[in-house]
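Taking the form predicted on its own, here's one chain by itself in structure tokens.
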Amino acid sequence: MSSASFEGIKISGMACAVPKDVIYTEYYKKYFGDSEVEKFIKTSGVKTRYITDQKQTASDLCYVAAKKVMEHNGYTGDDIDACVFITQMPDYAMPATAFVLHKRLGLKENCVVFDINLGCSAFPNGISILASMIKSGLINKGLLLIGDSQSYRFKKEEEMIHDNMLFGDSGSACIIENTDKNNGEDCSSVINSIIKSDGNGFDTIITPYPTLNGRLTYKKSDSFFSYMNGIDVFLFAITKVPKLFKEFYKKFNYSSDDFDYFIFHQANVMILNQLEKRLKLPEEKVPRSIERYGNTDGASIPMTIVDLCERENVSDKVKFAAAAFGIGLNWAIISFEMDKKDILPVIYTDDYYEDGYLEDILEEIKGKKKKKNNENDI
């Protein structure tokens, strides 16, 4: 089954962090011309984005968000039983970046730690995975970190491509926990989800390794360039997501009236407009963050929620239905309720992990390679 209902589990905290550096889409007029950029703004909706510099990574943003939400909840590293990091831009080829975050956050040894390579549909998948771990009895409280830094792929201004105007950098952190274990707390919370996948579309959105065949090697110094079949992605989103909502409503006995807000992955305004229209949703129930933050990949759903609660006067308890779709292909819906007080304002940061830059290790690797090459010459 691709659907599940998790009773007695809630998202008890949510935070998002973005870099301090803001870039206006109009900046790209010097590369693509006025008319091209104006057309892009109209079709994408992106007016500003926040981008990392060459030292800050997605894990740095997630770390800041995680520290803030743990502090808000009054939790230390000893309270967290799992740390799951979902990204398409890990800090290293190996180990999993979740272990770096485990160290930086001071989490305990009795902690499940791993990365997941997933894009735009990271949020409903990640929540479902941690909720399943809670239901199995493996953990009680889990930390879900989702982040990507697409701008990190481009080393020089002249390497920027048209699609790079779309993506903003962001990191999110959510705490998911078992309310049954919290004495005196309302245990009526429930999370419902449905997840779908179609590997036949694996090459619809793809970033090959920068080699002749696209698979064999990985060089951190190389720039990565992505391919996306825009028409196929558009048709996929506007057909699969409405169909999934029909299944979701029927499965869990819901209607659109049961939710305060519908949060969609912030792909572009054309897709958002079509989803709003096809699902017959009022505009005020479909908040958007893409204008201010761009397409923030897997973090776009928590980014939109945080942005909404910071800008609008929402109720103390908010019911969300969140739908994500993208690379894989993968699409999913998840519903949940949160207390407004547990949704923190956007954090702006230029912090990065200095110890993450392993000059000593890199010099040792270079020395070994040089020695081996000299031996081969002899």
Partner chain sequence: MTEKEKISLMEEIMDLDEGTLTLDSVLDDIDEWDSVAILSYITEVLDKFGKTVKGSEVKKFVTVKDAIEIMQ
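Just so you know, these numbers come straight off a predicted model, no measurement behind them. Positions refer to the first chain, counted from 1.
Beyond what is shown, the protein has a form predicted in complex with the partner chain; the following relates to that form.
- The candidate stretches are 272-280, 258-266, 100-108, 166-174, and the one lying within 4.5 Å of the partner chain in the model of the complex by heavy atoms is 272-280.
- Here is the short version: of 117, 239, 179, 207, the single residue with a heavy atom within 4.5 Å of the partner chain in the model of the complex is 239.
- Think of it this way: in the model of the complex, the partner chain has a heavy atom of just one of 190, 235, 112, 286 within 4.5 Å, and the residue is 235.
- Proximity of residue 231 to the partner chain in the model of the complex falls within the 4.5 Å heavy atom cutoff.
- At least one heavy atom of residue 227 is located within 4.5 Å of the partner chain in the model of the complex.
- The partner chain is not drawn, but in the model of the complex it has no heavy atom within 4.5 Å of residue 48.
- Although the partner is absent here, residue 39 lies within 4.5 Å of the partner chain in the model of the complex, judged by heavy atoms.
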